[in-house]
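So this one's two forms of a single chain, laid out as structure tokens and tagged structure 1 and structure 2.
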Structure 1
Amino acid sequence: MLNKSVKPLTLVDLAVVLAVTAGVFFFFVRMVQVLDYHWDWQAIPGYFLFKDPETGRFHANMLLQGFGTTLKLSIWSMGIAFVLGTLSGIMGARGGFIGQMISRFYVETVRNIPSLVLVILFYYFVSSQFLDAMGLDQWVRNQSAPVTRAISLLLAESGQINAFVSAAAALAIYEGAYISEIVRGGINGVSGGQWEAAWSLGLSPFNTFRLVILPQAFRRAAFPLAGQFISTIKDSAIVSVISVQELTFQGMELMAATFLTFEIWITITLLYFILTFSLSRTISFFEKRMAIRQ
């Protein structure tokens, strides 16, 4: 463990805690008064799981399905963004003139387009040209039942696959631009002395990069990268505009049908928080482990 001494609680700390608690309490009291809202939390658990009256088995309902889609979407786009961003970052730091130009072009273009616009452009123009024209959804429909099930487990059902793939690609391209800058900064941050030391040991330039520079660069980039992954989860909410059935979309559909506006928004907020908070806790756990190893 790290040697961190626990400081004793002072009067000031106590006052701050009390003030915050009072503030939160007052906020909720006011909210209930001002809104004059008929709270109805009873229906909410049913939107996670429902019991099939015939078989007596439980099935995932809209919110849980949406949560699953958000999770799948985040994992796919993070994975692709990581590959894309690392390649572009390496090109930006170590590539020749052309490589650096390509990397800069990618990063500057994507970073200067709002993510919402990028998602919509991708869905209506790029995906219409490729995914729809290739008939990806029809191909999925024609597969045998186990294959279709596997695809719907990993990606999405046939009816939603084009939108899902398009959303994952757009998000990956968007996040990849930020990852590219993080990786480039990490590589450039490794001191020149490391290169010279590796050369003097007789390592080839490629091996120097692979064995000496990149591991150090990634250690530097690890925590900004982790932050970017958390951002990806939050950014995934914007793909609801192209009707990908992720958590936000499902929540809005539910609100349109039930008018339980606040209950559903609060539930969605909690779900995103659970996802991002547990990820950030996991990361700080590894952060501590790595700090010890160093």
Structure 2
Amino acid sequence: MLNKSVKPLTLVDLAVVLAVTAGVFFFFVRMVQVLDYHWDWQAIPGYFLFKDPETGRFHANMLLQGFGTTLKLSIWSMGIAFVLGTLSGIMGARGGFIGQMISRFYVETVRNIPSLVLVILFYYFVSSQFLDAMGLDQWVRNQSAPVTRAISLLLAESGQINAFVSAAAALAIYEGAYISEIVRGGINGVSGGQWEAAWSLGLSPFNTFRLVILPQAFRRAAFPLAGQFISTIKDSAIVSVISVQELTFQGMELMAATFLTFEIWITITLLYFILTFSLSRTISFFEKRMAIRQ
């Protein structure tokens, strides 16, 4: 597969390229003629970085801040979703009757609720009731400046901490349901002969599962899991509805203030594409490395 030769361009390929190019050209022409839209791309770099006139230093502006928040939100959500989905997947595949029932209830409930509804439910119940009662935001405000900066770097600013935690939890629970099914499928996909071979070597059921079955299951599930992680990045855009200042939210704020609708949204689209495509290429690289080893 790795030595597969590159196919030459065909007439169909050229026709597709010409059609896409003509479509893009037609879009921009209609933008100017019908909407009388005036492009202003020069303003966009200033929304990534701005120079403080007093100190002369550059600081992150709204788009870069939003990009950073999207990264943090995605990383936290993916980490929690992985742990939650793995536990649920193991219970679904190897648990007893109660464990399997809990896993099925979690998966079927979450998968049949729109992610937007789940995010809003979490925001109004978890953030407004639970986190406010715990005083999490106030606790962050009372910490020393270095601790506050560290929390801001890892999570969010003190005024945004409740919404950020609520959004990360909602996304993690939503994505964890899909990860649960991926892990359960990976475990069930390992042949029964692996169990018998491990037992014949004297391994206990727990060690057989931990040392033999689970590594093979994760190898089988690695690339579906990676695809789910990419989906988590894209799904993070929905938390803009609860005012988490991630990339989409910052883009909407900028659009309302500047009316640079198309410049802002094209830029945001490219940022999401860069993020997800980079992850996709990284996964593809490791896929080839694993193919070589096998």
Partner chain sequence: MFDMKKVLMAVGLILLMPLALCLAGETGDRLSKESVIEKIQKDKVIRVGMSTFVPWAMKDKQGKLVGFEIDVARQLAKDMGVDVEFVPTAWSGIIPALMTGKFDVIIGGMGITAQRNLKVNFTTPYDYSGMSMVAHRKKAQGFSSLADFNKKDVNVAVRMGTTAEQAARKFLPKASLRLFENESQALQELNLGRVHAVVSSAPMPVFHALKYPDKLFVPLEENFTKEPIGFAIRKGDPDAVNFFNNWIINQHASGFLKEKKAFWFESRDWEDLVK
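Definition used throughout: the rigid core is the maximal C-alpha set that superposes within 1.5 Å between two forms. Residue numbering: structure 1 sequence, from 1. Fair warning: this is a prediction, and the values are worked out from it, not measured in the lab.
Matching the description of the form predicted alone is structure 2; structure 1 comes from elsewhere.
When the rigid core is held fixed, the Cα atom of residue 259 travels less than 2 angstroms between the two structures. After superposition on the rigid core, the Cα atom of residue 43 is displaced by less than 2 Å between the two structures. Annotation for residue 25: C-alpha shift of 2 angstroms or more between the two structures, rigid core superposed.
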